[in-house]
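Presented below, as structure tokens, is a lone chain in the form predicted alone.
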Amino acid sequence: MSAHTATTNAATDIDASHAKQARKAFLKRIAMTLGPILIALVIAGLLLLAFGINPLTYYSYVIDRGLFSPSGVQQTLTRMAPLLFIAAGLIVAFRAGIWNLGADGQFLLGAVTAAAAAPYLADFLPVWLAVVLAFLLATLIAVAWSLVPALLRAYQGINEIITTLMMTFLGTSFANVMVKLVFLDPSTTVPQTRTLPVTDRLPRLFDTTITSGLVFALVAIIAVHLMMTRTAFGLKLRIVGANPRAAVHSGLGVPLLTVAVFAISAGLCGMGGAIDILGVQGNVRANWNPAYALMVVPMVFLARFNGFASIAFVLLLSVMQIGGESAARRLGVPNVFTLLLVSIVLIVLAIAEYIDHRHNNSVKA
């Protein structure tokens, strides 16, 4: 056998080995993604059985209403808009190694700001301009709310998990106070902000009830994915997240990048609150807090911080929410069961990641 033939065969063997490893890694990612969902569905099904409810009946209601009913599909796609903005914000933070757990507070403050500003601005400005300005104001307020944990993390090294959680509690309480005391609509007996008329809200898509906010949300999460994977700025953020010490030694301005991550992440979450109000709700009632971020976090982890995969998992979450609301009415299951199901997914995912980490360490040893 000639040297050329031997070299060719060796190269072919190497390519085959790389292809085999790539397939193995792909199948592992699929198992680590779909496995927790299936296990969570089984566990939740056992809980339903314990309460005397057929899990197959419950899941069939969820899928039928959230995915196959014409009105349900429109509600599902509309619900995706704020969830995608939150997912985009969390992707930026998590890929940069920052745990922004204050997304719900940022979302709610953005929603209250948009709800208060849009009707007021529409009194003396063109509606489209009022909506745009309300959207920008909501974004700025959410960014401003993130500055305290951002500065504490960037310049004092204080753990952002604690500070962002504290800011969430403060943010939700502050938003309710503002609704009841500052932005209260005097024309109603219900404590809420002024209502933006339906005709002044974001336009619908193709003569449906789907808000055009869905388009903006898709653009936002795709832009975030491309920024984090295809730009020098995204590379810097990933380096900071992977190894902060190496980032410092390489000359990156870690404190400023940290503040920038908080600002981008919080701004996107605030946009989610604004898009929900300007496109769907029209106002904010006192004590309203959908806690979307708590449910989006597991979806982002299941997607491995990938923007395109996050779209699919947010769709799954929207189906569970819209379908779960229908199933709750028909079968008497509490509305919070969807949150319980998402929590089980998160717990199972954490256990799977721990087992995988231990296995990888044992193999290396």
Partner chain sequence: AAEVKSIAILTPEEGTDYGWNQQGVDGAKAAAKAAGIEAIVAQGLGYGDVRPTLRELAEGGASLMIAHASGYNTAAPEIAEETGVPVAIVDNPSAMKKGLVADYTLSGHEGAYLAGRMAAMMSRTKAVGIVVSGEPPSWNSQSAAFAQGVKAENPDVKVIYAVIGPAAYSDAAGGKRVTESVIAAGADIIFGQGNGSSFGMLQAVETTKATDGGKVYFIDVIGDKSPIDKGYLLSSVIWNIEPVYAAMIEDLKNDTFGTKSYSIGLADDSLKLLKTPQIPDDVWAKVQTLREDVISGAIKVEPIFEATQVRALMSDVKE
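Just so it is clear, the model here is predicted, and its values are computed rather than measured. Numbering follows the first chain given and starts at 1.
Another form, the form predicted together with the partner chain, is not on view; read the next lines as being about it.
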| query | finding |
| --- | --- |
| Candidate stretches 213-221, 261-269, 197-205, 107-115, one within 4.5 Å of the partner chain in the model of the complex by heavy atom | 197-205 |
| Listed residue that, although the partner chain is not shown, lies within 4.5 Å of it in the model of the complex (heavy atoms), from 121, 280, 77, 144 | 280 |
| Any non-hydrogen atom of residue 326 within 4.5 angstroms of the partner chain in the model of the complex | yes |
| Contact flag, residue 190 vs the partner chain in the model of the complex, heavy atom cut 4.5 Å | yes |
| Proximity of residue 184 to the partner chain in the model of the complex, heavy atoms at 4.5 Å | yes |
| Contact of residue 330 with the partner chain in the model of the complex (heavy atom, 4.5 Å) | yes |
| Sequence-ordered list of residues in 59-78 near the partner chain in the model of the complex, where near means a heavy atom within 4.5 Å | 65, 71, 75 |
